[in-house]
Ligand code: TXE
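First, one chain by itself in structure tokens, the form predicted alone.
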Amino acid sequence: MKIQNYINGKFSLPIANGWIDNYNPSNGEVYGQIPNSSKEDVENAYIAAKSAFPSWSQTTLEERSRILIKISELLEANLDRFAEAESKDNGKPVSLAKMVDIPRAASNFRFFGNAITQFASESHESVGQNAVNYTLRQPIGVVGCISPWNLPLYLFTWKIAPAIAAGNCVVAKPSEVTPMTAYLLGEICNEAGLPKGVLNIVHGLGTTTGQAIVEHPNIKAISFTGGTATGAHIAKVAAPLFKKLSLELGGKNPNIIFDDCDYDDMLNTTVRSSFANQGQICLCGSRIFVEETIYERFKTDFVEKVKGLKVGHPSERDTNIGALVSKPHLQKVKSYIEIAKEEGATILCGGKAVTVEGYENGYYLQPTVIEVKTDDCRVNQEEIFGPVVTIMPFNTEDEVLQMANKVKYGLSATLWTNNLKRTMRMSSQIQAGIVWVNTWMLRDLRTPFGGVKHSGVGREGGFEALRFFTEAKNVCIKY
């Protein structure tokens, strides 16, 4: 199957650069090809978006809302088709895509379809000066949205939905590793009646297609989710062009467990927060710090539960851990397990590739738990982004806070305690954009999402996203 670009409401072949192979992670085989889009393809997408902008930006909020909600309904109606496509493209269990990824993508369109009708402007009366100030929130124009491979449709729509809800037109690039559901989204948009050119999807490599979007002089804002190194490059390219930037980047998130936690709930949730989506979620708790008083108990129980996770083909209902997204990524994750050994860490379980019968060339890896001796070792400092977690004990609150904050990242953190005073103290001192207490991945789309330090710039979600995709204009009227 050859996926095509979606430009001006139509599917089109790449102009010049040909095709890129698309692999199925579960068996290591090429099952399709995607366009290796060039600057010319990006330019065509921009022209379509620019042409659509005057009309779309003046479309009523009610009409924009209706179309976004229709897209949401069509995604829900095609749940099985999209979940199977997502699983085949990414390697994640079909059950996960069906229960989480696709429903969340549908929720993004529904949420922002409703949110735009509630996005109010501010007004201020200048008492004694006979003047009124009010603020207009106007769409930017043509914006670029670049999304990663770990949650392909969910994070793709997380950017697109608020962008078009706010009245912008979009040139979007999904990951070249997981392009299928973005391709299918074009069909849904046409069926929902989204006007031509409002959304344009261009496939290709980050170094060519992505670069062309970022350096385009008339694409006025870039929303990017991906690696920190790529985010730094985008910032360098965009700065001289004065583009608005939203960068959601890497994470090395602490999971801090005190002995007064609800132990069973903590244990079950920690297994999930460690290995959901093969650990390929920027919010996974990859560094687990456990209070010394329960450390040995936790280590025994946690390893036992992790050993019980089934690594298998994504289509099997009882599969807990599917395939990693690509062969190069599998090799990267395995290399960190070897680094851990070299650093003197102990592999408590996992650490080896898995051969799944009938799918011997798939990219499977055992969920891995590593006991580290020090918090500043490489496997505790660098983002691995796979089914690998480290564990180590701590004694005091001050000690664990220092270790939690002793990384260059600051995306999320999880805190397990029933001590309210400790909760309030630590939540304010942990250097992260999101702190979950006695839970993980409990999301409310109204809340701001993003990180500090090398985890990014700006916030997504709720009105934060609508603010990013609009320009504020003050109007002052003297009467």
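Residue indices: 1-based, along the sequence shown. Because the structure is predicted, anything quoted here is derived from the model rather than measured.
Quick note: we don't show the form predicted in complex with this ligand, though the next part is all about it.
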- Task: Answer yes if any heavy atom of residue 207 is within 4.5 Å of a heavy atom of this ligand in the model of the complex; otherwise answer no.
- Result: yes
- Can any non-hydrogen atom of residue 173 be found within 4.5 angstroms of this ligand in the model of the complex? yes
- May I ask you to state whether residue 261 is within 4.5 Å of this ligand in the model of the complex, using heavy atom distances? no
- Item | this ligand contact at residue 211 in the model of the complex, heavy atom, 4.5 Å | yes
- Note on the structure: Given 286-294, 241-249, 131-139, 393-401, the stretch touching this ligand in the model of the complex at heavy atoms within 4.5 Å is 241-249
- Of 183, 149, 111, 298, the only residue with a heavy atom within 4.5 Å of this ligand in the model of the complex is 149
- As a check of understanding, the residue in 230, 72, 320, 269 with any heavy atom within 4.5 Å of this ligand in the model of the complex should be identified as 230
- Among 104, 158 and 436, does every residue place a heavy atom within 4.5 Å of this ligand in the model of the complex? no
- Task: Note that this ligand is not shown here; using its position in the model of the complex, name the residues of 306-342 with a heavy atom within 4.5 Å of it, in sequence order.
- Result: 329, 332
